[in-house]
Structures are given as structure tokens and as C-alpha cells.
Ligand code: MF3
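Presented as C-alpha cells, the chain that follows is alone, the form predicted alone.
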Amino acid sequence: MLVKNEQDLKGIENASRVAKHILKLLADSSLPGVTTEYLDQLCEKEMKAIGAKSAPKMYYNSPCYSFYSVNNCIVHGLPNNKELEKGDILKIDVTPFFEGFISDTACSVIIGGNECNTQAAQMVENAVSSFNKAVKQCKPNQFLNEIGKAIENNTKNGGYFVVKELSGHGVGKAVHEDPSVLNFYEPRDKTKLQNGLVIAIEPMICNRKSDITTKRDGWTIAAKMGSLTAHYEHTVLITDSKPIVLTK
């Protein structure tokens, strides 16, 4: 979406506060022995208390309120009753609809703490730093593909691989809007960023080059078994002065 007035700005800011709050609640509750089914019940309860709705449920009829992807699963993992174990890497993706606006955010949590899986923790750190480098490219009239270049270069420098089949996107009035925000450099893309544009930047990376597949549930997108994946996402507003990370 393009923020055109104060009403738009207030709307996307409020939706982003909800997304930030719920993501933190779920991340803080992601402990050994907890199930993702429990986390989604917690998400449902909190959304209803706030007056928010699940945008994936509204737009895509998803069977859950948020998504929970473990280890080699990258995105759109469905909740289940399997207990999380120390060292698991859990990706939580929250996309609330609140008062007419949609915000999108995600993080990766090492169950039991980073010391339980230092390999995964290093990959998560790379996903975060890739995002931070991408945000520096968020200026009006900057080429959109500079975001992908920043993510791809930082990922490669860390010894990891971007998941090229998945990308960020515009957001605000719908879950997925134009433009697509690739996690790699596409020189043919001449799209330019503009003041007021709201986008979700979300590095999705893997510890080895891997094909991806959609599981039998029709939702969960995963890399090959044995791979580890990380996901980090925030909703970002482009402004003439500096980018605003709305969900951080």
C-alpha cells in the first residue's frame, strides 16, 4: 500500500503494533515442551482480546491463526501437538488484520536458547543482519532490486543461501501486494521505491543449497531434510527522510 494521509499512517502503525505484540508473546512462550498447537491457541486468544483477526484466515482460509515452521520447514508450517525440543529452530510468522490494515512480521527462535544450537543461532543472526542491510537501501527512487542484492550478498558472505523461490511483498490493505521484494539481485527489475510505500522485507535463508517442497498438508514449505532454515521479517515504511521499521 501507499500511505497517502494521516489515517493510512495511523492504521498501518496500529496494525504493526498488534503484530509486534503478538509475535513477542508467541516467541516468549516458545519453550521446550510447548507445542505449536498451544502457541496458536494463545495467538487466537490474544487476537480476539485485542480485536484483531488473522489475515491468512481471512484471505486464504488458513487452518491456523499464525504459522509455525520447525527446523527444515521455512514458512507456512501448521501447528501440531508435537512438543518443541531444545535446539529446534522455530519460525513464527504473524500477520494480523486490525481495523482495516494488515501488518506482517516473523522471527526465528532457538528453543531453549541460542546455546542449545549455536549453528542455528549463527544462521538466525545472518538473517537479521541481512534484513538490517536491506533496510539501508529503502530510500525513495532507489531501485527495489538493491534490497535483494543486499540480502543475497550478506547471506553469501555468511556461508548461507537465500531461498529464491520465496520473497517479500507489499502489504497494508491485503496480505500480499505489489511489489514482490526478492531476496536476491534481479538486474532486470527496474522498479523504484517511492515515498509512502509499505513493504514486508523477509530474508529466508538455508544452511545449504536445497530444493524446496510443499508438504502434504498443502501449506508447509520446507527445504530438504537435514537442512536448517531461518526467517526474519518486518513491515517497513519508505519515507523521504529514513525508512521506518513499523514492527520492530
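Model, not experiment: these values are computed from the prediction. One-based numbering along the sequence shown.
In what follows, reference is made to the form predicted together with this ligand, a form of this protein that is not presented.
The candidate stretches are 36-44, 53-61, 207-215, 190-198, and the one lying within 4.5 Å of this ligand in the predicted complex by heavy atoms is 53-61. Residue-level contacts in the predicted complex: of His176, Lys164, Lys136, Lys156, one residue has a heavy atom within 4.5 Å of this ligand, and it is His176.
Put simply, of Glu146, Asp88, Glu152, Asp93 only one has a heavy atom within 4.5 Å of this ligand in the predicted complex, and it is Asp93. Using a 4.5 angstroms limit between non-hydrogen atoms, Phe184 is distant from this ligand in the predicted complex.
Among heavy atoms of Tyr68, none comes within 4.5 Å of this ligand in the predicted complex. Along 215-238, residues Trp219, Glu233 each place a heavy atom within 4.5 Å of this ligand in the predicted complex.
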